[in-house]
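First, one chain by itself in structure tokens, the form predicted on its own.
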Amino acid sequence: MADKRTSAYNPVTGEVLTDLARILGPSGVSSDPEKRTAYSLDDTLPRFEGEYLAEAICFPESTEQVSRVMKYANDNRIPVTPRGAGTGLSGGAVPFRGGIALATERMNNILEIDMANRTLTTEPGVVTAEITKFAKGANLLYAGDPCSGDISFIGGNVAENAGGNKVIKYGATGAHVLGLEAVLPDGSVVTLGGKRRKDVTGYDLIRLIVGSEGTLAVVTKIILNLLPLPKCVTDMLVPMPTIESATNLVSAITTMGGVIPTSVEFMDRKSIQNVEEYASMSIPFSDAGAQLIIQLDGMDRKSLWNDVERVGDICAAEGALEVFVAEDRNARDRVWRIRRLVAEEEWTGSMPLLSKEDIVIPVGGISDFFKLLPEISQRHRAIYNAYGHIGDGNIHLTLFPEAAESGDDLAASAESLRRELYEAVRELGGTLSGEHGVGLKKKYTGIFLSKAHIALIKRVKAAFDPNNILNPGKIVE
């Protein structure tokens, strides 16, 4: 019996490979087994049930080539999975139904920086940090700042509407996208938006494509908004006695202090202590209930320091155990290294993972969530650590079996744990993903979205992609 995931599609045969080579040139297509495996994975942990393998990898170098590949795939009913750097954490770039993996790594040019309009135009295969660096060289700021900026591509950031450290002040990736060039599944090329900052002519299709996880179109050019570059930046490391006090502090900074921080990052006690062991380093107040990194920026040092003092006073009033202020680059790097090592430690840890989550909850509900979390984890014999972007309510939660040598069925344990966890998140007004995307977690969208909502998503998908060839099997069942 044919696999229901692939029965609606045609395979990539030798003839198909020959046709693709005519479009892309011999070096633009590969069916090498090692490459197929490498381009069929992303950074998701734990790995998904089953193995998903692309049948061919395509490496287009232009919009025209993307258009011709998509038209060919659509005409021949071959699924296509767009792929950036493969740093995603939800399976968005995993070829769920085989077919073609469309890698954008050769479309890696920054095309223009327009000083008069404060915009930067780029192809999708540019590393995000290179865009930040390029803008900084022009004394401008690209404020999109995913934690994977040193390795992720801007096209992947757009596909997932990546968030990161600076969302609380500057917004996620989509807040900085003014225009797109995109190829539709039938090969048509559309230009959306531009360098203008107002546009209500027709539907806002940019906002629809940003965050659509490559299911509606392949983005081939991006026009980004740039901002004046802040002259001064200060970071504060603030140990708090409890998670509740840390959550209260986040709200107090804006409501009482009248300050919008650039970043407010959170690490619980377990995360900090894991980093101490992993990196053989000593972190002050590592037994604190939680630690916050608060970043402030501005154009004037005196004004910025007034904000730092105001925030410091609020920290003290909310019970901070200490307030460490880092102004010079070396001190700031040491503060942020702690945060970076939290995620790195998880990658190299020896314990099997039950679940790695990207939940987002209204900031006012985070304290209630952390009151429920110990009970949920204990019921499922799990331990956890939590960190993330508490300033915008996005918590990265990692759960492990209580005993690494446990003989229990880990998959079954993870499934029951996730479902109870998601129910609690939903009751608090939260949802499944804040920045990593739904991807292959699609079976859980029904917990958070109504049937009418899911039906609407399916109708939008069908309008863009009636043959369902573009990144099929993602977001909704």
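Note that the structure is a prediction, hence the values are computed from the model and not measured. Residue numbers run from 1 along the displayed sequence.
This protein has a second form, the form predicted in complex with a small molecule, left out of what is shown; the following refers to that one.
Chemist: Looking at 296, 206, 360, 147, which is the one with a non-hydrogen atom within 4.5 Å of the small molecule in the predicted bound form?
Modeler: When the small molecule is considered in the predicted bound form, the option within 4.5 Å is 147.
Chemist: May I ask you to choose, among 380, 97, 118, 389, the residue with a heavy atom within 4.5 Å of the small molecule in the predicted bound form?
Modeler: Result of the distance check: 389.
Chemist: Is it the case that 343, 356 and 436 all touch the small molecule in the predicted bound form, with a non-hydrogen atom of each within 4.5 angstroms?
Modeler: Judged in the predicted bound form, 343, 356 and 436 all sit within 4.5 Å of the small molecule.
Chemist: Among 441-449, 428-436, 58-66, 26-34, which stretch sits within 4.5 Å of the small molecule in the predicted bound form, heavy atoms only?
Modeler: Checking each option against the 4.5 Å cut-off leaves 428-436.
Chemist: Is residue 113 near the small molecule? Define near as a heavy atom within 4.5 Å, in the predicted bound form.
Modeler: No, residue 113 sits far enough from the small molecule in the predicted bound form that none of its heavy atoms falls within 4.5 Å.
Chemist: In the predicted bound form, is there a heavy atom of the small molecule that lies within 4.5 Å of any heavy atom of residue 311, even though the partner is absent here?
Modeler: Flag for residue 311 set to no.
Chemist: I'd like to check something about residue 89: if you look in the predicted bound form, is any of its heavy atoms closer than or equal to 4.5 Å to a heavy atom of the small molecule?
Modeler: Flag for residue 89 set to yes.
Chemist: Evaluate residue 176 for contact with the small molecule in the predicted bound form, applying a 4.5 angstroms cut-off between non-hydrogen atoms, and reply yes or no.
Modeler: No, no contact at 4.5 Å.
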